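The chain below stands alone and is given as structure tokens, in the form predicted alone.
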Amino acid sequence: MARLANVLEKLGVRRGDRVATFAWNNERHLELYFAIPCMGAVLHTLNLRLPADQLTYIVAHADDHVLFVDPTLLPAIEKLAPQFKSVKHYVVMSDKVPEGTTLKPVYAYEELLANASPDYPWPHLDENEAAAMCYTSGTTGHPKGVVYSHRSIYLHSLGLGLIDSLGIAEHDVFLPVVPMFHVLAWGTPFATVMLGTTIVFPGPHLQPRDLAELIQAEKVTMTAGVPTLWLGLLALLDKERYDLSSLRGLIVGGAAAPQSMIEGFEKKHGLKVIHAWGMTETSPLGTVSRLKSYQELWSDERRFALRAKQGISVPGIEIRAVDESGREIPWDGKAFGELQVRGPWVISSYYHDDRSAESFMDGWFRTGDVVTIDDEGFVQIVDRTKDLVKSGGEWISSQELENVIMAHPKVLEAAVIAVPHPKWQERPLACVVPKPDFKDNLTKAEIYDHLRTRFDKMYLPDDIVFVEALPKTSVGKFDKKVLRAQYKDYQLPEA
């Protein structure tokens, strides 16, 4: 790490400068996670899956000075480099500079380290100085920058280690499947190093079979990723045998985990899903769905329904939900309101962004998630404010419909969006991906029969379309803005 700090200094990096990474989950990336902030600069992880215009905006807005890139990702950076006006140096994370690269000036990671001193005079940093930053994925407007201080990262790491939080410990073997560009892999690289946990990196290999083989071979005890990844792994395990008995927890976040998936892992394969919620703006840990001692004695039906909720706030995070008039809603599990949070690892503003003011209310960060909170303190996300279906004065949760549809044994994935309706303003449309074995053997009638066991008629989708695949965002969530654009002129049967 000292050699790397010397390299950064030789490249002209000074205290407070932003240093960008464009890399997979690997050991060199981890070295950068510590060398950059510890020498006083700011680690800036770039999202590999963002479109070119957003990446160009982010690099310019952050004013990145040096960019580290994995060799397999060189083509993407080479295309954009002419637009990266702030970047003064490129470092390829390899033994030698690949022949033919158009990046200039460019260096090889290992060659720089080999010629650097192993001693470095580490500075005394203020705990409130910037240590790292990430950008939101920009679903509306430009992406927004979120800066993490040394203090917030340290406190967040402590929060990840709490036994009733994620409970990461020294004896664990941790596999971060969540990308290291996505909210700093949910802060897990910092927490695992702090706690002495063994880390196993997947690199770019994130297909279900790759993950199953890696967990089996390395005896992984904990892993973390978004639901779409784990849905793929569950489908694989339902067909093929792997010994994943070492796993004591699959952490699921980034989007709501369907109850059917939580049950499927536990009932069929003896694997426990740990359902959590957070955002880029919350570092990201906010809530974890851990059952209280007496709740462990409840029936399977009640326990799994509770574990499908996003859970209770972890120590250090305060929560509330307010209605459209700004009044706090009761914790009765019925009233809807926008979730708001505050705490030592929640942002107080965005980085150089005028949109900060509209994102806060009396010091509380407005998440944009519509939730209920029950009398036990368990949060359940009903929807994003922009994803609710507003039908004739009633609010319909697209997320609740999706979770029930995905509980059908023939369904792999489902997304529900609002489409215009001449009478009711909006009505729900369900886009469904059948499991491979049922591509030609799943009907709308089967899904409607399944939904009628849980919903009244007015909440049912007005139509169901079968698709080969659902569009995903850069972090693996269903990309509903793409679906809404695709079906903006869709004519519903009744309409």
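Each residue number is its position in the shown sequence, starting from 1. The shown structure was predicted, so the numbers you read here are calculated from the model rather than taken from an experiment.
Not pictured, yet referred to below: the form predicted in complex with adenosine-5'-diphosphate (ADP).
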Scan Gln399, Gln340, Thr197, Gln259 and let me know which has any heavy atom within 4.5 Å of adenosine-5'-diphosphate (ADP) in the predicted complex.
Gln399
Contact residue in the predicted complex, chosen from Lys88, His150, Arg248, Arg384 - any heavy atom within 4.5 Å of adenosine-5'-diphosphate (ADP)
Arg384
Does the 4.5 Å heavy atom contact test between His182 and adenosine-5'-diphosphate (ADP) in the predicted complex come out positive?
yes
Find out whether any non-hydrogen atom of Gly253 is located within 4.5 angstroms of adenosine-5'-diphosphate (ADP) in the predicted complex, and reply yes or no.
yes
Close approach of Ser137 to adenosine-5'-diphosphate (ADP) in the predicted complex, 4.5 Å, heavy atom
yes
Can Glu413 be called a contact residue for adenosine-5'-diphosphate (ADP) in the predicted complex at 4.5 Å between heavy atoms?
no
Contact stretch among 417 to 425, 268 to 276, 120 to 128, 325 to 333 - heavy atom within 4.5 Å of adenosine-5'-diphosphate (ADP) in the predicted complex:
268 to 276
In the predicted complex, residues of 346 to 376 near adenosine-5'-diphosphate (ADP) [heavy atom within 4.5 Å]
Thr367, Asp369
